[in-house]
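Both blocks below hold the same protein chain, though in two forms, and each is given as structure tokens: structure 1 and structure 2.
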Structure 1
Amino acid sequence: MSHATRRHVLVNSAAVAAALASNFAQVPGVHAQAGTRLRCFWWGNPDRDKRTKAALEAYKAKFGTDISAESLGWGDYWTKLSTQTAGGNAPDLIQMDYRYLFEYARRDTLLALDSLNPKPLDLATFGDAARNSGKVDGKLYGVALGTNSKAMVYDTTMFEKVGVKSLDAAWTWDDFARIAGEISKLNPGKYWGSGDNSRWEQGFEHYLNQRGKLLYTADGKAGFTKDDVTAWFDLWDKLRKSGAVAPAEIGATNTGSIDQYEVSRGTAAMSFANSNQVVAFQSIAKNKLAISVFPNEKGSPSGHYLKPSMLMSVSSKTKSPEEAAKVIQYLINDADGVKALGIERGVPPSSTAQAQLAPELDDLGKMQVNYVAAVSKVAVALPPPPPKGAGEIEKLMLRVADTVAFGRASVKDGALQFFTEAESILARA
């Protein structure tokens, strides 16, 4: 003991400290919290936020991993995500859209999940189409959380008032014009048959799909001609002038958030949206809502395709890829996770998840499952991912369609403007 030199003391205390540290590391709770704290980020609405948070809480209760949750509306979401990604501060779990998947994956901001499949992430219960919808250049970058298709959301009460009990899947644009026109007569100048869909870029895409064309080709060019745009604007211009469709002043106030659509605001009986959104619409609308395929020309393709409504991706910068994959596995395959999310993001692609959900479904849920099943029988192929600049063209469509609706430009001039500007945006991107 007399040899307790300064050197001895130092060595001993270092050993004690190391022992203490290793002891701490062995306590499971401490390890999990210090080692793996994940961040999850999605766009959504209050209902989705509640469900997702519940699922993440349940995951924490089961596995002890703390997941901080963040969510924003669609528009702000991409702003924040790109800023965080550029700053090297991307969340571990990122809700991805098919529109942006390729851009993010090809810039190496997302993690290829192939090495984590089938363990811990098991996609065996996914159909081929759903599994491939998350692939970019042959590698898996996103896992679909739900499947949807575009759908026309309508107010059943108003339909019954004009004697329409149910809609036939083969209904035409003429049927649409007739029903909308009759509904507009119920409360003239206050309530219309349908919202103005000429502003919605995806509505235009659907119209092109019905004509056997694409909005964007696989090499990122415009898949339509000026005449297609003219026909699209003309279709809606006639409907607007006949009074079947709400006027420009109503259309221009639809900013694209759920509460701004015509069926939510009680200004029209039909709005064009996505099948999974009926859940959110119904939470606002007073009357009972239902969904239908879009009207069509007789004998044309349906134009509907099944789309991954939302994908879950993992950041390439994540410190715990295994843990992140486990969370996705929990959300798509574990009964608790699946039930917490429900059908709000669309019909889950996993067949086991569908079976787990089936007994729990309410009317809206059943309506969605039946709709997606019905659409899958007539669906056209999933189009190639939209090119860079597609987001800007989406806004261009809003602007030019409004210009036509307000009578600031003729159908022909509007179509020419849209076509030339879209071409120049694609060339510049």
Structure 2
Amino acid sequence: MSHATRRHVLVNSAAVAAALASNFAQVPGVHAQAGTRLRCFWWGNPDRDKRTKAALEAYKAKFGTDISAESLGWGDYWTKLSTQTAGGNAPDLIQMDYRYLFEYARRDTLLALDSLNPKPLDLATFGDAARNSGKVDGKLYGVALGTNSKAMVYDTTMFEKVGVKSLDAAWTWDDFARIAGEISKLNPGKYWGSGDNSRWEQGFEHYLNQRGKLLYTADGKAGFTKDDVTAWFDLWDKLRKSGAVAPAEIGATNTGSIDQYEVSRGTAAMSFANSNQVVAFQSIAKNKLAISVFPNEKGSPSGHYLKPSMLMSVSSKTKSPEEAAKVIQYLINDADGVKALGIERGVPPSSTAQAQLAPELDDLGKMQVNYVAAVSKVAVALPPPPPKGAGEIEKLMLRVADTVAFGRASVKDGALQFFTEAESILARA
């Protein structure tokens, strides 16, 4: 090709490019986002993955923004997010949990969303509690995608086999032990009444809340004593020894992924989780599932509180802060985004979103909405956010609880170890 011909092609190409740019500028929503690419990262399960990807694809179709999607299970998620954040390579859109929001925000790794101007987020249809749940030191660092509470997920078929058609909201720990024990007798050594909840730090928190105590105080100290830990471990030790709860070798394989819970694997009739997770559990379980409040003692506080099931935050390192915020706006307020997500992440905080979803709710959806409404009537106050080091303590609970369950430490020794190490973690955090 001659130089003259090449110049001719370049001139024509420039003209075509200019014409295309002009045409794109005529299309609403395309010019501003042309060439924009975002990364979105969340922890989840197959159902959440499918819904989230559908919502992001719908956003791309409407606004032209490419959004790469990535998800992992709960445990692996936080390890990878920590590594990416430390390396300055955090995703633009970060699914955030209330327990980690304050830690990430105070390390200046999240963007203060209310600092954007013009403001792309409209939270007018959120209640005050939901709106404020994403604030740290008065600034908005996360937007709640759903509201939930802890819940007992149980297999209704197995319950009916021992004559229990439903669980009363006032059921006690004694009721729990009796029902779980009866279910364990149906298929001895292969199926149990419940999974072992001694390993779940949030289960311990709930146990403390029922006794008017906190897991962590507002100034980041332990809100519990060694005796509280002893009572917790002792409760589950007795349940294991009675055969009501799955043994250590079953409990230790629960990684926190939905498919690893005892209800999902068909090894127990009850698992302790969160209300929004019943959707994912039911997608795996063969029998019909239901949710209930945790067992309690008569006259004690419920221990339940309403919390943002998860929030969506934006990395402080993003190159497209306004566009990332617009994606959040789409997920919480646009009918297409709202319907794509459904209530798998919990009951939407927006009253408008709730109204948009109401006609399409199936039985599981209605179950969640009714459960959150019922819990709201007896809920205790939302506890202070977990302090820095809480993630380490969560892993500590898993490790020490397993040590006790396998008989490698006594209840008292395990409680002392957990309490001592937890205080040490908090002191250096």
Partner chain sequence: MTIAAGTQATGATGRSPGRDWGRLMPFLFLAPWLVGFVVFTLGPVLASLYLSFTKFDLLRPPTWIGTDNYVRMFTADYRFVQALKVTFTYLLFEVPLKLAFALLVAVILDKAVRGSGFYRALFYVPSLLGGSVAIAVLWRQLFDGNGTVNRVLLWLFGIQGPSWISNPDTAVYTLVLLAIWQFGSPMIIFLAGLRQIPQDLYEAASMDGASKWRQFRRITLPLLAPVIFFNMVLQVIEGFKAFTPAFIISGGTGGPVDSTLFYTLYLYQEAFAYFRMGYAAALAWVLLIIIASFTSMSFLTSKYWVHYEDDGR
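In this text the structure is predicted, and so the values were computed from the model without any measurement. Residue 1 is the first residue of structure 1, and the numbers go on in sequence order from there. We call the rigid core the largest set of C-alpha positions that still match within 1.5 Å between the two forms.
Is structure 1 or structure 2 the form predicted in complex with the partner chain?
Comparing the pair, one sees that structure 1 is the form predicted in complex with the partner chain and the remaining one is not.
Compare the rigid-part assignment of K161 with that of Y330 between structure 1 and structure 2 and say whether they agree.
Different rigid bodies, so no.
Measure the rotation of the smaller rigid part relative to the larger between structure 1 and structure 2 and give it in whole degrees.
The smaller domain rotates by 9 degrees relative to the larger one between structure 1 and structure 2.
So, with the core fitted, how far does N117 move at its Cα between structure 1 and structure 2, in angstrom?
N117 C-alpha displacement between structure 1 and structure 2, core-aligned: 8.7 Å.
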